[in-house]
Each structure stands twice: as C-alpha cells, then as structure tokens.
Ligand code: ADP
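Here's a solo chain for you in structure tokens, the form predicted alone.
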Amino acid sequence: MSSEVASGKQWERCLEVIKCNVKDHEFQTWFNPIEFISFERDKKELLLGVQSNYFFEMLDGPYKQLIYNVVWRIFGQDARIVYRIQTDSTNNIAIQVEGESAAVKKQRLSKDNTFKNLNQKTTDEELDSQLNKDYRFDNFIEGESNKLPRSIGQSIAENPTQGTFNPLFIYGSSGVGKTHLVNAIGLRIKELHPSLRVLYVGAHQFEVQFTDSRRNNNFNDFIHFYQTIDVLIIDDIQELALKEGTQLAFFHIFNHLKMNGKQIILTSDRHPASMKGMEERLLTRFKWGLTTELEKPNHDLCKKILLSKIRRDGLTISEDVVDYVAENANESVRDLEGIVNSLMAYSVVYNRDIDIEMAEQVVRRTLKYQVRNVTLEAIIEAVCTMWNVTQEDIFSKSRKAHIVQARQTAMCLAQKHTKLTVSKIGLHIGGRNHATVLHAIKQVKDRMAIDKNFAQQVSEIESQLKA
C-alpha cells in the first residue's frame, strides 16, 4: 500500500471519529465535503481542501479543537493542518492557510503544565499574550450602547501608563462584546507599545494556575510571573467568587501592579455592587478606576453589525431580511453572528437564496433555544425525570451512584442557568455547603468531557429548560 493511500485511510479514520462526536447534519454540512489532498510525513503536514473561506472559518473556529484532537490522535501529536481554500472555482484559484493557532497550541497543554509553560515566557518576545487576533477595534462596530467603553478602551490602548482608568472594569450581559473589546485593547497596545508585556487570561484559567502552583510548590513563581505583567486583562472576574485563596493571590497581584503603574482591565457579567462571594477589599479596588457598562445593542447597532458580517462573509442578504433580524434578535452580538452563520449554512445546504421566510425560520429556532427565567425547581424536576429519582432523593444524604449523579447535575445546571450563588444552591439542595457545590460542578464538567452519553443527557435536560 502506497504512503498516500495509507494517509487517505488515516483521514477516513479521522472522519469516522468526528462523525461519532457531532450531529449528523453537522457532519454532512461541514466535514463530509472536506477533500483529503495529501500528508507529507517529513513535514507532518496534512493538506485538506475546502470549498470557501466560510468553510475554513467554521472548521478553524467552532470545530477547531475537535479536528485537532482527532488529527493528533491518528496522524501524530506534531501534525499540522493546512487548508487549501477554493477562492475562484471558475479559474481553479485557491489559497493555502495553516489552521493551527496559538489558542489551539495552548489547549494541548496538560493542566499540570498550564502555569509552567506560561511562566517560562520570560522575555517580551516570548510571552504569549493569549489574545485573540480576530477581536480587533476595526471589526468592533461602534454604536450608542458601546460608545463610552470603546472610547475609553482606545484611550487606554494609546496611553496604557496614564493610570486615569485603572482598573478599567467592564460589565454587561453575556454576548454583548466584552471579550472582543478587551482583546481589541490588548492587541492595540501590543501594536503601539510592543515592549509592554500584555496578558489576557480568563478567571477560570487563573484559578487553575493558582491551584497548580500550590500543589506543585511554585506559588512564589506564580505571583512573580503576574507581577511582571504591564497590562493584565482578566475576563469573567466574577468566577473567582467564593474562591478565597485565589482572591487573596489576586489581591496581592492587583496591589503590586497598581502601585507600579501597570494597567489592569477586568470584565464581569455584573456590576461590582452585585458581586456576591467577593472580598470587600477587592470590590473596593475594582471601583478605583472606571466602571462602565457594555449594553445590549440597539436596533441601529444590530443593523451595523449584521451588515459588517454580511460584507465580510461575501453574502447577499436583502435589506428587509437585515431589518427583520435586527428587530427580532437583538439580545446579543453573539446571537446576531450565530444567525448569519445559520443563514449561510441553510443557504448552502438547501441551495436556496436567503429570504425573509428563511430568516423567520432561523430566528424562531434561535430564540426558542435561549434560556429564559430558568428556576432551580425546573432544573430539579428535569433532572429527576432524566434519572428516575425523586426530589426527596436529591435532597437526601444518599450516596447511591445515580442519585449522586442527579444531585451533582442539578447543582451544576443551577450554577450555570440561574443567578443563585453556590452557597444558596447548596442551601436549597439539602443544606449543603458551597464547597460541596463547587466539587459537584467540577465532577459534572469533568465527566461531560470524557463521557459522551452523560454529556448528551445533560444536553437534553438543557434543551428542555430552554423550550
């Protein structure tokens, strides 16, 4: 068997694994059309052909981690993916783009090595800022709802040592563009001030690094590393609630950076005054600089965002469709982008023009599956139905496996879909403490990552809650 035939067989194995991990319509739409071209064993380069830049963005975006996990397993850990994108089918013109990004490489690191690898970046050139290069100011569309935080962000980017807005605390509901904005600030700072050490990190990743540093007896290295940062951006800071040890570490890092004129940028889904489980001395410091809200986009901004994405993707969508989507799906920027992606997918799969009928169908489907006013009672009822247990079982001290599974799932979903604190969740579910709830959340997330059937069961419960 020739080397090329053998590589083709390996790609077929990749497709078989991918098919088991996505829905059938997703596989048929995005993966089945991929053309295996070659695998150069010397370079460890897998060349795949795709129909358009839009397909590349999907494969190297939402499905990126899945593809790399499978390819690394079958072709080897050092395999690289290069996409050949057809840009002009009439004249057979194509471009080649390497798919792997720094974000994927980071996710290949084991948990134990997360901080170690980060801490090894000792020079300005070597430090991985972990910024998303797709989130820039030039594609962050300005409107009345985001004008102030955007303007402040640009001011900080131009002069990050001025200290007027330090810290900058940006809050707002999910999907309004907080992550995009802070990444744009970081990227502009690196562009204008390349000598500065800029780092973007999610609060959950910060917590993991802190925990690992304590376990591996390198806590001082952890603190020292963060004290060398010139611009520290922490996303979703509310996730540090009730994590007293991590808050203490961040308190010391915050004080050091602030005293030395280093810029701190934080995001949260709520105003500091509404944050429970956070030490008062931290909340006080959050308010030292500027606290500003990133509001939901209004109708005009929704239209601007839609038109920008439509132009970027090279789509043709009539004005009445744009108006309809902007009027009916304006809860978040993420919703708008998802709807445009869905319209594109429907158009490709069904070979139809994008019209008002298709838009109504996509918007209805999107809005139907949004979570609204999910209650703890509804979560417990759905969990009990899934695993055939009673509410009394959930609240009991029983350690039977299926009851523990149901109880922990209820706690995890309550933390995700309600505004209850982990302490209140524990209080309502059998009078348990916050540590028990945090342990339950971790157990559920860890199991979902390795148990496809369990993950599907949790997904079905969430679908019921969204209906």
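Note that the coordinates shown come from a computational prediction; the quantities given were computed from them, not determined experimentally. A residue's number is simply how far along the shown sequence it sits, counting from 1.
The same protein also has a form predicted together with adenosine-5'-diphosphate (ADP), omitted here; what follows describes it.
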Point to revise | Contact test in the model of the complex: residue 209 vs adenosine-5'-diphosphate (ADP), heavy atoms, 4.5 Å | key: no
Review point. In the model of the complex, does residue 180 have a heavy atom within 4.5 Å of adenosine-5'-diphosphate (ADP)?
Key: yes
Check your understanding: residue 146: heavy atom within 4.5 Å of adenosine-5'-diphosphate (ADP) in the model of the complex?
Key -> yes
Practice item. With heavy atoms only and a cut-off of 4.5 Å, decide whether residue 286 touches adenosine-5'-diphosphate (ADP) in the model of the complex. Key: no
Study note, to complete from the structure: Among 275 to 283, 388 to 396, 137 to 145, 343 to 351, the stretch whose residues bring a heavy atom within 4.5 Å of adenosine-5'-diphosphate (ADP) in the model of the complex is 137 to 145
Revision key, fill the gap. Answer key: of 162, 298, 227, 173, within 4.5 Å of adenosine-5'-diphosphate (ADP) in the model of the complex (heavy atoms) is 173
Study note, to complete from the structure: Partner-free chain; cross-checking adenosine-5'-diphosphate (ADP) in the model of the complex, the single residue of 233, 71, 156, 305 with a heavy atom within 4.5 Å is 305
Check your understanding: If we check adenosine-5'-diphosphate (ADP) in the model of the complex, which of the residues in 435 to 462 reach within 4.5 angstroms of it by a non-hydrogen atom?
Key -> none
Exercise for review: Have a look at residue 23 and residue 356: in the model of the complex, are their Cα atoms closer together or farther apart than in this form, given the change is 3 Å or more?
Suggested key: farther
